[in-house]
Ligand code: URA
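Below, in structure tokens: the form predicted on its own, a single chain.
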């Protein structure tokens, strides 16, 4: 077995075996397969796709390419949430401290920006001192002590995904259901959560442009979750327009802080309440989603969610004082119209590309 035969097979639209997929993942992780060969195979997968069996085998091979976490000694219920990506999506920064404020353990391994979409890790790293590169022992310790930890991928946790994720971004292979599903679910399997809520974004600013594509991705990830014995709920959300009012790492942190202090944009609030209610249902807080939404609003109002975010930042060595003085964008230019009317739509993809070209997404630590 060799990588050239595997590339040729997928190039010719043939199904890869479990052994061939494992060979690629194992040897690429070790550095015995070059980036240019891996890029050729990823491009072939992007163009020709993968069936359900191939996608499952790719996910599992990536998940077990390094260490996996067992968090059962912390709690019987460990919650995680993941988004398939979007423009202005600061939901994790608001939602996960909010969930943890109810005593629900949160173990969250997030990614960097991919394509035109922003990344939670890039946003957290805009806070001076905040460490996303904790060891697995530190990750577990934080969950035990404060009920939450938000980190990036470690060298030992799903390392194959870390390499492929970065590679996909450099060769424009982002909008692929097998590659998105395997990336998200391999991280979730490796990170040790047993309850998972997935936000599958849909629209111009998402990888899935249509509802049909979003539903297909949801089904694939739900199936993988079932095989991995992770209780999984998928929620499809609208990404035709940017989420909230800010795009860019520090600005999105600033907006998240405002939201945690009770000043939240309506579209952000709708997503936070919907996902949060499902997480609380999975965690056994209440099966009544409307009751859960009321409880969420209460913890935003009483400051518990905000306090948990501050606790998280402190615990991961972030500068809490900086959070009080996050500056606005250096240049703020009003866009004026010469005639009356209203804005019918803000195209999320166009705005995401513009923000990317202006440097709103800085990913200096791809590897």
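Residue numbers count along the first chain shown, from 1. For clarity, every value in this text was computed on a predicted model and none was experimentally measured.
Omitted here: the form predicted together with this ligand. The next part is about that form.
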Notebook entry, point to check: Each of 83, 165 and 207 near this ligand in the model of the complex, meaning some heavy atom within 4.5 Å?
Noted result: yes
So, residue 149 and this ligand: in the model of the complex, are they within 4.5 Å at any heavy atom pair? no
_Any non-hydrogen atom of residue 114 within 4.5 angstroms of this ligand in the model of the complex_ = yes
Is residue 187 part of the interface with this ligand in the model of the complex - any heavy atom within 4.5 Å?
yes
Would you classify residue 124 as touching this ligand in the model of the complex, given a 4.5 Å non-hydrogen atom cut-off? no
Contact with this ligand in the model of the complex, heavy atom within 4.5 Å, among 228, 179, 295, 234 goes to 179
Checking 183, 101, 92, 249 against this ligand in the model of the complex, the residue with a non-hydrogen atom inside 4.5 angstroms turns out to be 183
Exactly one listed stretch (282-290, 133-141, 266-274, 83-91) reaches within 4.5 angstroms of this ligand in the model of the complex by non-hydrogen atoms, and it is 83-91
